[in-house]
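First, one chain by itself: the form predicted on its own, in structure tokens.
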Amino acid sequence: MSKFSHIYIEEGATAYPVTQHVLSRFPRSIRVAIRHYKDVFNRPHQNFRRQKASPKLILAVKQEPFLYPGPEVCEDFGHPNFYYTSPVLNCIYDCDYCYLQGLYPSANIVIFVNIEDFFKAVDRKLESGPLYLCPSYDTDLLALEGIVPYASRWIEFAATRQDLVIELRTKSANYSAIAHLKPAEQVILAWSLSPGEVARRYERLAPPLKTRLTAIKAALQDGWQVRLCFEPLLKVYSWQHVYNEFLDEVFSILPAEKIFDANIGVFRMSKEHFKRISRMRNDTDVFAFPMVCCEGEVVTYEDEKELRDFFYQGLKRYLPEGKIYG
């Protein structure tokens, strides 16, 4: 956590308790007052890769809208009212394939300190019916729990709302940070998993596969609903062998009967984001296999169905079809 040499503080964010909490975690960081977070985050001619080596924190106040309709490329798991929200922008991990590189102009991390306003927006939405919400799409809240305890806050909030289901997606092994909380049926802890070889090559700064599996096993033992997210599936040399061994390893550690559900997603990305990332990432071979642009301006492998079907058949050895999405 000592890597945040500077913390930019929006003028309207200073008095919030979350701001004071975050600042107390970094007493040696240089504090810089700013008018608006976009003055720093959205300024032109930034170098995302250079910033990723030494990201800064930005504390800001989010204005409406707080909730966004779930993207069509994302699985809704059968929930007709699927939304996501972004209390934090950007991630402490540095995955070669991450779409955030093409989405944001900056690698700095923005924490919106007015979390209560997010909760009020959810309550207003719940007045029109049940809601399925993902607050950890544009970041990894569990990985940031030591900086700002938003994973805990969302779990505690959701546990008191009968018609709300939230998915907290993560690559973190930081389960111990929320292990003291009582599992809630309104909360799904969703771990993104990749083969160990893929994680080592393309998921820099993220915990190794075995560490994630250890965290998942502990969460299952405590009674949490756990979703396994097998995405993005990436093509690597001898991928059939790699993914077969991967599934064997996952379910040699995790009890399949306790898994809530799982989803499969082959690598895909909007054409615009893919173009931006391809231009800046000449330091990785993650995009080496042939890609095509499909309907909806989405880029994926030209034979993505082969990879998806292969993995689906492998996963069916462990989970019933009714628990597999994607």
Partner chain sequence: MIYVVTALPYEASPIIKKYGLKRDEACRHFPLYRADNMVLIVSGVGKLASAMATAYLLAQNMKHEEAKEEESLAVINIGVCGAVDQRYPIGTSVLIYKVIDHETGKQYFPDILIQHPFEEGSVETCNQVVRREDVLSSRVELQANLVDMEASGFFQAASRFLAPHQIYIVKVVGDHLDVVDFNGQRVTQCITGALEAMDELLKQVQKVCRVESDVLTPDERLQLGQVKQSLRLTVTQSHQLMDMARRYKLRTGRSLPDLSEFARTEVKVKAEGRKALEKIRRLLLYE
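Values in this document were obtained by computation on a predicted structure and should not be read as measured data. Numbering follows the first chain given and starts at 1.
Beyond what is shown, the protein has a form predicted in complex with the partner chain; the following relates to that form.
For Pro290, a non-hydrogen atom is located within 4.5 Å of the partner chain in the predicted bound form, even though that partner is not displayed. Although the partner is absent here, Arg281 is a contact residue: one of its heavy atoms lies within 4.5 angstroms of the partner chain in the predicted bound form. Interface residue remark: Glu272 is not counted as part of the site for the partner chain in the predicted bound form, having no heavy atom within 4.5 Å. Proximity of Val298 to the partner chain in the predicted bound form: non-hydrogen atoms within 4.5 Å are absent; the residue sits far from the partner. If you check the partner chain in the predicted bound form, you find no heavy atom from any of Ser152, Ala158 and Thr160 within 4.5 Å.
Checked against the partner chain in the predicted bound form, the residues Val266, Val40, Ala262, Leu67 give one hit for a heavy atom within 4.5 Å, which is Val40. Shown without its partner, the chain has Ile30, Arg31, Val32, Ala33, Ile34, Arg35, Asp39, Val40, Arg43, Pro44, His45, Gln46, Asn47, Arg50, Gln51, Ser54, Lys56 in segment 30-69 as residues with a non-hydrogen atom within 4.5 angstroms of the partner chain in the predicted bound form.
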